[in-house]
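Okay, so we've got the same protein chain twice, two forms, each given alone as structure tokens, structure 1 and structure 2.
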Structure 1
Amino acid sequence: MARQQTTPMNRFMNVNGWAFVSVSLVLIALFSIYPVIKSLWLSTQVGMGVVTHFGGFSNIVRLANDPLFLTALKNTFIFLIVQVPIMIMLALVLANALNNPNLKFRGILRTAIFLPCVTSLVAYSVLFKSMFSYNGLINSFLLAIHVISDPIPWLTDPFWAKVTIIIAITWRWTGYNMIFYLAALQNIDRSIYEAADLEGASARHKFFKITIPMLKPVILFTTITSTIGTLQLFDEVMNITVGGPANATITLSMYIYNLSFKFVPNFGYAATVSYVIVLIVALLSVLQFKVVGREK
């Protein structure tokens, strides 16, 4: 390949090119790249507070024997494995229904379903906490319509606390994902569906044989972003259950927060835990790209 000639014009473009991007590059280096490297170094440090020394792999050994870390890891994965598929499927079904050109009031319905994602995570968490309290709205309603005979301990039972968190995240994010599918559906040629209609394909058949395959890249995108989001779950558990009862809803992010700012600060070990999230995000992203790439 021919080397680019250094004409005055090229040099002028190059200087300006760097000038325009320089501020962000400095900030990204300082607030993303430096911290992620520093974090790696920190993960080799042991000791409390500011008094630390090199500990080699001792943090990793501690990780493997830390029941609270394993609980946080398990909880995070339960949220991931249960909530993300439910939400993606629901968002797909909603987008598919709203994409029907014969449907009236599409705009209003779409806006209504999308509305939860403009609330702050803290505000809606606090709202859900009060709605799901033992004597709260949800139990009163379920008792009134005789679905249950005793109130459900939504926030104080390990199982129901997880369910509450899953309901909350699903409420907040389904509409968000739906918008991506709606946009992608608009790019699918209507004639494909018309051809399927002529051949007498059922709605279910069209959904699974046309819609889902056509949306695969967008489904991949939303699955990755949802996965990364769930792996970082913090605001909801902090404000709905505070990780409880008995750590039944503690997530990796919340555990890192506790290790750094709630218990006696242990930045070295907290950094080690945080690197677990980095590794999981990297692994899952590669895996998801592989799965989609292979099926192409």
Structure 2
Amino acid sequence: MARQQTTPMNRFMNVNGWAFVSVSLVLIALFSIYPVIKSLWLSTQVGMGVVTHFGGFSNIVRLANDPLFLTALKNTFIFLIVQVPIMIMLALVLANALNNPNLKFRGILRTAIFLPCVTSLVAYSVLFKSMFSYNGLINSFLLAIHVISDPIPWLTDPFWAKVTIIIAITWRWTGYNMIFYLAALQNIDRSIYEAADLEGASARHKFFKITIPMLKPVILFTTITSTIGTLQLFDEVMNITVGGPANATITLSMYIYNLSFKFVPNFGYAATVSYVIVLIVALLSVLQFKVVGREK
């Protein structure tokens, strides 16, 4: 293959091309690449506040012996393992139901379910804290319909505090994931369902044998984004339970915040904990690609 001749015009166009992208490249390097490299270097520093020195792998060794880190890690995984599957399945069922052309008020129902995800994180967290307080709306309602005989300590019991956080996250993000499934469902050829109807397939059979397999790429996407979001869980825990009671709901992100701004500042160790989240996200994303079978 003949090599392309370099003409003055080609050189001029190359220079102009690099001139156009150079600003973007500088900004990406300044605000994306530099912070990553800086935080990686920071994770090797030990000390308090701005008085730090190189500590090698000291922060990594400290992780294994830090009971509060292990508690935060356990809590984060509990939220991840319980909440993400519930939310994904709920979003799938709602999207399938709201995709029915014969359903009345579909637009209103879709909007109502989607609205929570555009609500302010702090505003809805404060509202949930009020609703799930000992004398709040939820306990009053459950007592009124005789489901419980005594108020549930939603925010002061370790188990119920986790349940409250899971309910709050599920309420806010189910509609967000449902929108992706609705968009994907409307791209599935209706003739596939018509053929299944002719074969006498039930609604459940069509859901599990047609809908879910056809939505597999979207399910993978929403699962990965939900996993990342749950591993970075902070706002709800900070505003509803403040990590309590007795650190029963503290997460890795909140622990990083405490290390940086609440306890005596230890930015090096906080950076190390943040890289634990990066590592977990990377491992779980690869695992999810493998499970779905679309690693290529």
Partner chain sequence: MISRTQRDLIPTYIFLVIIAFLSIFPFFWMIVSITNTNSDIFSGSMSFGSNLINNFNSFNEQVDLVRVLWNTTKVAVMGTFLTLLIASLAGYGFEMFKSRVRERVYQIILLTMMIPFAALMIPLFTLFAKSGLLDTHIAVVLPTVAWVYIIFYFRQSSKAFPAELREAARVDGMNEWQIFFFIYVPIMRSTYAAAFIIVFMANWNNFLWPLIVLQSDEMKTITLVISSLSSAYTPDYGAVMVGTVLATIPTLVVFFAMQRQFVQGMLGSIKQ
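What you see is a predicted model, and the numbers here were worked out from it, not measured in a lab. Here the rigid core means the biggest group of C-alpha atoms that line up within 1.5 Å when the two forms are laid on top of each other. Numbering for residues begins at 1 and runs along the sequence of structure 1.
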Identify which of the two structures, 1 or 2, is the form predicted on its own.
2
After the core is matched up, is the C-alpha of Leu279 off by 2 Å or more between structure 1 and structure 2?
no
